[in-house]
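The chain below stands alone and is given as structure tokens, in the form predicted on its own.
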């Protein structure tokens, strides 16, 4: 608030053509917390802006066109390219899809996309042999109409049902992408800046993306996003004529908010706090799952968790109706949650408490959820 007030009384808007102090400070502060060799950034307005700019960058650098996204992923809805890569929303809702966009099967051990049993599923075992990934790349290559450019994914597929990639999957994906000359883009809109208990979601994987996007709480409520990459990729993109901008992309007021947001995350220890909240939530959810067979699985990192509701733990049939009832009942009891998933499933209760939540608030929210799930019926089974 102090940063915003200061700029309201000095300078709130400035064309990107000119540098301003707040913009330079944000470049420096963001660069200090990026995972090396990521160090260069450009600022835009929304998450969709950043995704579109990241894909344009990858295409400029590689000379390719084809972009692959996970079939349960979501990357925005304001541009033709982001809508076309938001497979979890079912892109048929938007009519025509952008050329050079196609999907890979998402790693979903609880519902193996290639129908392996839990005992057979390589994702569930985390043994590095991911049949869904290898099959997807073989199919993708047969469908490429031109040279490939990039693969894009979220470190945790949030809107798709809070899907956490199994150990080693992201590294295997990156290696396959690099073999084909493709860059790895990570969309950190919903996982970056401490939310998973690390500063960046990709740090759980020991994999550094070639290009990364940041948005959402980056501006602490004000609209600003960033595309981050290495000096080598940035220089090559610029040399090839790359450009990305918006009228308000580098406004001092939004850049000042970004600086303040990073400062608060570091000064208040919110990385460690998000990790501690995650541990506390996991214990609550484990007790709920033990007492309630409506819960098929719970999964997450930091403050981002999903509780998957099923009609039957053996069949794993999605309990969409129960999820709807649970969301409504939670709201009526003072807890805001959402039902998420992809395709014909909306059976995952997504929980994303603020990183500044107290232990008492977390316990209260978990108590409300536990009570609601104990009362919710399975309307599909009636």
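Just so we're clear, the structure is a prediction, and the values are computed from it rather than from any experiment. Positions refer to the first chain, counted from 1.
Below: the form predicted in complex with a small molecule, not depicted.
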Note: the small molecule not shown here; in the predicted bound form, the stretch from 317-325, 353-361, 45-53, 28-36 having heavy atoms within 4.5 Å of it is 45-53
Tell me, out of 273, 216, 174, 299, which residue has a non-hydrogen atom within 4.5 angstroms of the small molecule in the predicted bound form. 216
Candidate from 207, 74, 260, 132 lying within 4.5 Å of the small molecule in the predicted bound form - any heavy atom: 74
Taking the shortest heavy atom distance, is residue 308 within 4.5 Å of the small molecule in the predicted bound form? no
Should residue 101 be counted as a contact of the small molecule in the predicted bound form, where contact means heavy atoms within 4.5 Å? no
How about residue 154: is it within 4.5 Å of the small molecule in the predicted bound form, going by heavy atoms? yes
Please run the contact check for residue 190 against the small molecule in the predicted bound form: heavy atoms, 4.5 angstroms, yes or no? yes
